[in-house]
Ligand SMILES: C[S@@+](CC[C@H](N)C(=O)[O-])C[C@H]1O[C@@H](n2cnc3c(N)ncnc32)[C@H](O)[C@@H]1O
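Here we start with a single chain on its own, the form predicted on its own, put down as structure tokens.
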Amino acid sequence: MEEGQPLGWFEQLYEKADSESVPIPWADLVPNPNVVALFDERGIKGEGKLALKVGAGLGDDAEYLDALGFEVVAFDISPTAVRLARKRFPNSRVEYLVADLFQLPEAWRGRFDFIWESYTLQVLPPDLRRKAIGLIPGLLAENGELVVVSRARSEDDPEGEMPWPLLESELRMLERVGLDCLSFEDYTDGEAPPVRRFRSFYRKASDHLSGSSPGKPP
């Protein structure tokens, strides 16, 4: 997992959290409210569709998808995270797996009806972030949908520290690799202190599979 070495700290953090009860910064033990708000607004239901959670964490997002009626696969690069998620939800129907985003099974290509990505891209170094943005759309089935939530910054803002805020131009790359952007929001959340975020929603239309150019962003 050579390319995954920059992300080795994930496992170290989860191990420390397990052995020393150290808090995990992003583990609020509830589904991500920024994504839940989009589900509520759009009335999204699973209806037996297959969903993928990028970065299983401790399982709250994946369990939320399951409760909405999705069949859910949730993966994490950290074996400890996956073990803790399974421990928290021992009777879960979610398939929790240890996997590296950059070395996913070939059988996953074009498989998923819905993908949930929140807060993973923003912890990747720039080169890996660009690679991830190019990889994720290939996991979607025809007419599959993707939600992405991240910290946000403007082009003239400093890069900052990890978790690195993303640029709008980085997320627009998803359209260049075959997705239609159905909505793109630039907003400040209700955290204390407040955080500027991007929340974007995409669909992989069938015409992109035949080589047509993607639609223009709204």
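Please read these numbers as outputs of a predicted model, since none were measured by experiment. So that there is no doubt, residue numbering starts at 1 and follows the sequence shown.
Heads up, the form predicted in complex with the named molecule isn't pictured, but that's what we're talking about next.
For the chain shown alone, residue 119 is a contact residue for the named molecule in the predicted complex, at least one non-hydrogen atom being within 4.5 angstroms. Taking the partner from the other structure, the named molecule in the predicted complex has no heavy atom within 4.5 Å of any heavy atom of residue 142. The closest non-hydrogen atom of residue 114 lies beyond 4.5 Å of the named molecule in the predicted complex. Among heavy atoms of residue 108, none comes within 4.5 Å of the named molecule in the predicted complex. Of the candidate stretches 47 to 55, 62 to 70, 182 to 190, 150 to 158, only 47 to 55 contains residues with a heavy atom within 4.5 Å of the named molecule in the predicted complex. A single residue from the set 133, 77, 94, 84 has any heavy atom within 4.5 angstroms of the named molecule in the predicted complex; that residue is 77. Scanning 134 to 161 for heavy atoms within 4.5 Å of the named molecule in the predicted complex gives no residues at all.
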